[in-house]
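Shown next as structure tokens: one chain only, the form predicted alone.
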Amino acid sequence: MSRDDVGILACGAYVPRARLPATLVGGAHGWFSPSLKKAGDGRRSFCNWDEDSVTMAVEAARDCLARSDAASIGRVELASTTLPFADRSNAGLLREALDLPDDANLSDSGGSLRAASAATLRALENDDGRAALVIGSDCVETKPASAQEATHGHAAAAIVVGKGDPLARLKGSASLHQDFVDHYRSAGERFNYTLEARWTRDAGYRQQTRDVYARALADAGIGADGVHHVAVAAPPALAKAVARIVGATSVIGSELAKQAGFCGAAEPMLKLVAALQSADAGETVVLVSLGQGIDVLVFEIVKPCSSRSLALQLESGADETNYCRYLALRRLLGLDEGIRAERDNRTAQSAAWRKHESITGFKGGLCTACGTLQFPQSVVCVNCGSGHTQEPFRLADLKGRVRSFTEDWLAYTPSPPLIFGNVGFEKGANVMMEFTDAAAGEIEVGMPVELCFRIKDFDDRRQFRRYFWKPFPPRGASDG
């Protein structure tokens, strides 16, 4: 198979709206570590309480599949070092949320920051005739007052690989695999242990990067003067050093570091999406991915991507102003949540399986007699009364409007107030739903809302989490 037969057909990204400013971290911990006061004016993204690596992956894939055919997907590669389930198919959960073909070949991969770049290489070099959806998503927690707290963020990005009219083609690659331990996180631990940055740069990556980079260019049949842009997937300081090592004259992704931070296993995909959404046709982009070794991928941009979704999401972030709220949302600070938080959230797995298309796929019923849409699907149409006339219809990709809402300051939620209400959809569906990413006073009757896949609640006793769809105000709506 020629590399020209397969390429990147579509791309997308998701960056959580919430941002943690470096100045907020410095203000909270400067008394303990004065160096944190010098962290600058950057910010990093972080997940709301109801987001994780799976929900971010779903949103990145939705952005990607808006410009591709979901029915053509035959493989799904989900790469992350923070997948919520160790023994449950996270990619399978994502497949149901996206309503992808149920015969798709699914794979969860992790164990390295290069998991996504390795998955991308597999998809590009092992074509089986069906399109592949490759997603990198990571939600790595950082210890309060650590150097990483202000620089390491949460995000996801996705590409579709297959035959067709590509955005970019792989022209060459090279890899080096080493058990070079510059950081690690043991099973069951929450935080990474990170070693000294100078040793990481000089002992681990200086010479190795130069050699692998040269091999990748040779494989692509180009010299250093044929490279237009370089994207380095590594923490900010190391990324700058690597760019100097390879002699990069144009580095992609500087805005990503300032607005979202370094996003773990999602970083290679984010940098690749940034390149696809900014580079011009005919240009060569080299992606350098670091993590217990090195992957270098050389791409030729065939045509510019019409979407600027990643840049728009980076611009639309909302800065957190309360450091304690950030800690609480990320479960880094134990609060007295009161008696209302003590309810048992046990999931009836048999009922969840029977209703999985409604819950995970958010499918209602569309009456073939009168065209009325309702949720959940039922035997009898609520409008015309016809029986057995409803066909499954997906609501997740519809936009709705707020018909009524309540802000409840007494009911338990990790981020008060609990905002819920009726959301009306086209074709007649009216669903009572819990809102997310909305502040007190932000929701209004008649407001347009979009839907996102989120965590519904946690069962901490049995270590399980449930998911459902939630409406939210479109980004930028509250900012005018």
Partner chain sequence: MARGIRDRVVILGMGCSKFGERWDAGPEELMVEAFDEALGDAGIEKSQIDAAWLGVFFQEQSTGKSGLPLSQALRLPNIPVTRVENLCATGTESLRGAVYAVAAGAADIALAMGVEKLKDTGFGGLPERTKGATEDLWLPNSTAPGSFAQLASAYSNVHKRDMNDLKRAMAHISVKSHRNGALNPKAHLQREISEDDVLNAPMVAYPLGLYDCCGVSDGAACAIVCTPEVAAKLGRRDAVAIKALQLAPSNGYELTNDGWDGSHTLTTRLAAERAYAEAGISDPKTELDVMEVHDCFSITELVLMEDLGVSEPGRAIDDVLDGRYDYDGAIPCQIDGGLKCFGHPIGASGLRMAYEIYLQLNGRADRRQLDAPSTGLAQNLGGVPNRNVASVAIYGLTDLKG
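What you see is a predicted model, and the numbers here were worked out from it, not measured in a lab. Positions refer to the first chain, counted from 1.
What follows is about the form predicted together with the partner chain, which we do not show.
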Exactly one listed stretch (340-348, 322-330, 133-141, 89-97) reaches within 4.5 angstroms of the partner chain in the model of the complex by non-hydrogen atoms, and it is 340-348
Would residue 434 show up as a contact with the partner chain in the model of the complex if we use heavy atoms at 4.5 Å?
-> yes
Hey, in the model of the complex, does residue 66 get a heavy atom within 4.5 angstroms of the partner chain?
-> no
Report yes if any heavy atom of residue 107 sits within 4.5 Å of a heavy atom of the partner chain in the model of the complex; otherwise report no.
-> no
Interface membership of residue 27, the partner chain in the model of the complex, 4.5 Å heavy atom rule | no
Contacting member of 151, 292, 307, 374, with respect to the partner chain in the model of the complex [4.5 Å, heavy atom] = 374
Option touching the partner chain, based on a heavy atom within 4.5 Å in the model of the complex, out of 379, 281, 181, 410 = 410
Even though the chain is shown alone, can you say which residues of 422-441 have a heavy atom within 4.5 Å of the partner chain in the model of the complex?
-> 422, 425, 428, 429, 430, 431, 432, 433, 434
